[in-house]
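Only one chain is included here, represented as C-alpha cells and corresponding to the form predicted alone.
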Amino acid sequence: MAVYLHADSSKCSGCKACLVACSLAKFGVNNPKKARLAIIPKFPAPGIFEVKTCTNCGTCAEVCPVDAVKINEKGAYYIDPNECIACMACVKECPEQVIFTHPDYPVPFECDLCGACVEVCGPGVLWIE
C-alpha cells in the first residue's frame, strides 16, 4: 500500500494554512495558488470544504512519455523538472486532479510528502501514512 497524504475533509475549516505552508516550503513564497494540494469550497453549503490530495496512485508515472515522474525517498511520486518535457499528460490523467501548473514554472508539480501542510493544520485534517 502506498504512503500518501490523507485528508479528512469533514474537519477542514477552509483556512488555507496548509496551502500557504506548502507554497512556502516548496517555492519560498506565500501564494496558495502554488500549493500541491487543493481546498474546494462546496458552496452554497456553508462551511463545507473538500480537501484534494495526491493518493500516490502512480497514474502520472504510467502516462509520462519520458519517465520524468519518479519516486522519492518517502515513497512519493514527484516530477523531475530536469527531465519533464511539459507535455501535461500527467496533469490530464491525474484522477484526483492534484498535479498543478503555474505560469511561473515551466513544468507541472505535485505533492512530494514534505509534510509542511500537516505541521500547520490546526484541526488535524491532514496526515501521512
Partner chain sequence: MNGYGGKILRINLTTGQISKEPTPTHIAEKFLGGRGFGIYFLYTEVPRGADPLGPENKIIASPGPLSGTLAPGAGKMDFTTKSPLTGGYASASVGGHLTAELKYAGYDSIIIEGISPKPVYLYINDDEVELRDASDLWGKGSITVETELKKRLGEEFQIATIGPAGENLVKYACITHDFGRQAGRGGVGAVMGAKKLKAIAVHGTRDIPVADPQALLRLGTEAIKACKASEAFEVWVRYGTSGVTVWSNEVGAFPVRNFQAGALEDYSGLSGETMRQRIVITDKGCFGCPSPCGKYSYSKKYSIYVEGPEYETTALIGGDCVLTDIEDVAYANWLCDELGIDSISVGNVIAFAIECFEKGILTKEETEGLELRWGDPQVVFTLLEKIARREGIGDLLAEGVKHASQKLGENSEEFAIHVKGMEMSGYECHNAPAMLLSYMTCDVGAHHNRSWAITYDLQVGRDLVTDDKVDRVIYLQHVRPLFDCLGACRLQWVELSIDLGLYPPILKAITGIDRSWEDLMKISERVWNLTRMYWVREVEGFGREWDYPPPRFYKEPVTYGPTKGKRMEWDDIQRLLDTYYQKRGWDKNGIPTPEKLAELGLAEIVRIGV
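Numbering follows the first chain given and starts at 1. Bear in mind that the values here come from a model prediction, so they are computed numbers and not experimental data.
Not on display, but discussed next: the form predicted together with the partner chain.
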| item | value |
| --- | --- |
| Of 41, 65, 95, 81, the one that lies within 4.5 Å of the partner chain in the model of the complex (heavy atoms) | 41 |
| Whether 21, 34 and 120 all lie within 4.5 angstroms of the partner chain in the model of the complex by heavy atom | yes |
| The partner chain contact at residue 58 in the model of the complex, heavy atom, 4.5 Å | no |
| Partner proximity in the model of the complex: residue 85 to the partner chain, non-hydrogen atom cutoff 4.5 Å | no |
| Partner contact for residue 49 in the model of the complex: the partner chain, 4.5 angstroms, heavy atom | yes |
| Partner proximity in the model of the complex: residue 106 to the partner chain, non-hydrogen atom cutoff 4.5 Å | no |
| Among 50-58, 85-93, 23-31, 66-74, the region lying within 4.5 Å of the partner chain in the model of the complex by heavy atom distance | 23-31 |
